[in-house]
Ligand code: BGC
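Quick heads-up: it's one chain on its own, the form predicted on its own, in structure tokens.
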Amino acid sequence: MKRITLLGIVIATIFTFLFTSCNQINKAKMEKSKGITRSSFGTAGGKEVFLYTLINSKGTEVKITNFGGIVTSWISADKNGKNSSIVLGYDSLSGYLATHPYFGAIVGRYGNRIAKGKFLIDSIEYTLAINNGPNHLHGGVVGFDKAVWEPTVENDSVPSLLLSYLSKDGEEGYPGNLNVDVHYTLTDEDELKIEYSATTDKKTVVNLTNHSYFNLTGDVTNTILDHELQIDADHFTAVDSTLIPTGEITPVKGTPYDFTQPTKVGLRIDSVKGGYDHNYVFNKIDASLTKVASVSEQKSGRVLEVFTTEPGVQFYTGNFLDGTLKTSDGKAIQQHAALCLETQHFPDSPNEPTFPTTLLLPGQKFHSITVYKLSVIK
């Protein structure tokens, strides 16, 4: 009887050891899989470029390169468990070195348009590059989207990547040496948090945003016309024929621009000449981090919520995509293959005194946060 009892104890001890070991190994694998990794992505301007993969506990992956601070992919599972990227991007640096419409990039020093590329600070006129019809767009010919940023990996409780860049006085015509930091963080709640900060040694204007193109189906051959969009904005900034604001803050009620209730993007797009490319003025009255928009897509079950401290968002429906560009696997990127929700201050604010100011002074700190939160409804 004692021998049987002793044998049982030995067997139980071995089983407990094996069970504990397996749990520790599995836990180690999970901890190893969550975090951030780096791989070579080529060179640009004689500088080495890297691709960083941020992975959370759910297995969601966001890839970011320090060339332009570009979000190259955001891979997650849909309601059927199929993994695909919800943003447009390329697998190699060559796609970004060629001409593309700011796919996934940080844009600045001034995101969006400035009329005729001119503005005044203290009666001094500054002249910027003209790169969008008669106007200046997204920082100029060589904006932040084409800069090689200095990367710092921060991988404590959640994977985070800090990108830093010095925009020198006179770059693209802007005054002041501007030190810029952009933090990308991927949380376990499938939130991509983007935190911007900047300081200057001379009065300048700043308007930073991310230009990701979203398609929640994960397949660029599908358009976003069936995506349902809601924006918490009762007004938008009316524009002229060159997409420069007229200065008028226009109500959306009774117009094709009304997305105060969930509405399919394609429902009234034919009534908007050229498609949507407009700045929406949020109803929120302060700079707190607030939910301002949401997009959903029925077949994938994906929902994307947008939170920001900014006063507006540029809603753009990929109007200028025409099939010329192709994905890394050869699929043509057609018109309306994706949409953008670029949180921002308003276009041409330096020339519109009634708009929220984009002026940054020495001793001040520009600070802005935007969060894109992804979820799935089955």
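The shown structure was predicted, so the numbers you read here are calculated from the model rather than taken from an experiment. The first residue of the sequence shown is number 1, and the count goes up from there.
This next part talks about the form predicted together with this ligand, which is not shown.
Checked against this ligand in the model of the complex, the residues Leu128, Leu137, Leu192, Leu208 give one hit for a heavy atom within 4.5 Å, which is Leu137. Checking Leu243, Ile269, Ile75, Val148 for any heavy atom within 4.5 Å of this ligand in the model of the complex turns up a single hit: Leu243. None of 316-324, 51-59, 349-357, 331-339 except one has non-hydrogen atoms within 4.5 angstroms of this ligand in the model of the complex; the exception is 316-324.
Contact check for Asp188, Arg302 and Tyr372: none of the three has a heavy atom within 4.5 Å of this ligand in the model of the complex. Within this chain, Asp277 lines the site of this ligand in the model of the complex, having a heavy atom no more than 4.5 Å away. For Pro101, a non-hydrogen atom is located within 4.5 Å of this ligand in the model of the complex, even though that partner is not displayed.
When contacts are judged by a 4.5 Å heavy atom cut-off, Arg113 counts as touching this ligand in the model of the complex. Put simply, Tyr196 is far from this ligand in the model of the complex: not one heavy atom of it is within 4.5 Å.
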